[in-house]
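To begin, one chain is listed below as structure tokens, in the form predicted alone.
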């Protein structure tokens, strides 16, 4: 008896990319695309309506919620999410995995790797692109970064969503000093955004 095809929902804000994936996945008899979404909000709504086996999720989706937040909301319903993106920074990987992504694949991978990852994700098995797996292993082997008390104070303020001016007021320091500390925090954590710093700090248990 033939198993039913793996039902896929595509989420990418570029129509050309979705069309390419649709044509590519259409070549596999055991994979069926049941819907397309151009935004995170649309992906969340369609996932609830269509209950696919796997959502192929890009991370950068233009306006609205990003792919990480969409992944978090969809994964919370029990639907598997396979990230398919061009971004492979430590912060992106950490945020996606923490949000509940079943796998993390780069768009540069061969079609055969994508098909295999989709089938694995449908069964709840984790698949990581080799470069992503290497970064995850390197992160696990790397000793915890050492932050100063002041840097930890600023991280704690960051985690509450405060901007530089509010952080400066809360800690009785200048905005220039906040920016200097932020630069050092980014370097130590290997990130380049505020969200990335908070994500890595939580992963490394640097925040209370």
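Source: prediction; values computed, not measured. Positions refer to the first chain, counted from 1. The term rigid core refers to the maximal set of C-alpha atoms that superpose within 1.5 Å between the two forms.
Although it is not shown, the form predicted together with a further copy of the same chain is what the next lines describe.
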property	result
One stretch from 106-114, 130-138, 71-79, 90-98 that, in the predicted bound form, holds residues within 4.5 Å of a further copy of the same chain by heavy atom	106-114
Partner contact for residue 59 in the predicted bound form: a further copy of the same chain, 4.5 angstroms, heavy atom	no
Touches a further copy of the same chain in the predicted bound form: residue 7 (any heavy atom, 4.5 Å)	no
Exercise: residue 161 in contact with a further copy of the same chain in the predicted bound form, heavy atom 4.5 Å	yes
Heavy atom of residue 199 within 4.5 Å of a further copy of the same chain in the predicted bound form	yes
a further copy of the same chain in the predicted bound form reached by all of 38, 41 and 152, non-hydrogen atom within 4.5 Å	no
Residues of 10-33 having any heavy atom within 4.5 Å of a further copy of the same chain in the predicted bound form, listed in sequence order	13, 14, 15, 16, 17, 19, 20, 21, 23, 24
Cα displacement of residue 10 between the shown form and the other one reaching 2 Å, rigid core superposed	no
Residue 56 C-alpha relocation of at least 2 Å between the shown form and the other one, rigid core basis	no
Rigid core superposed: residue 195 CA moves 2 Å or more between the shown form and the other one	yes
Distance trend in the predicted bound form - C-alpha atoms of residue 62 and residue 157, change of 3 Å or more	closer
Cα separation of residue 71 and residue 158 in the predicted bound form versus here, shift of 3 Å or more	farther
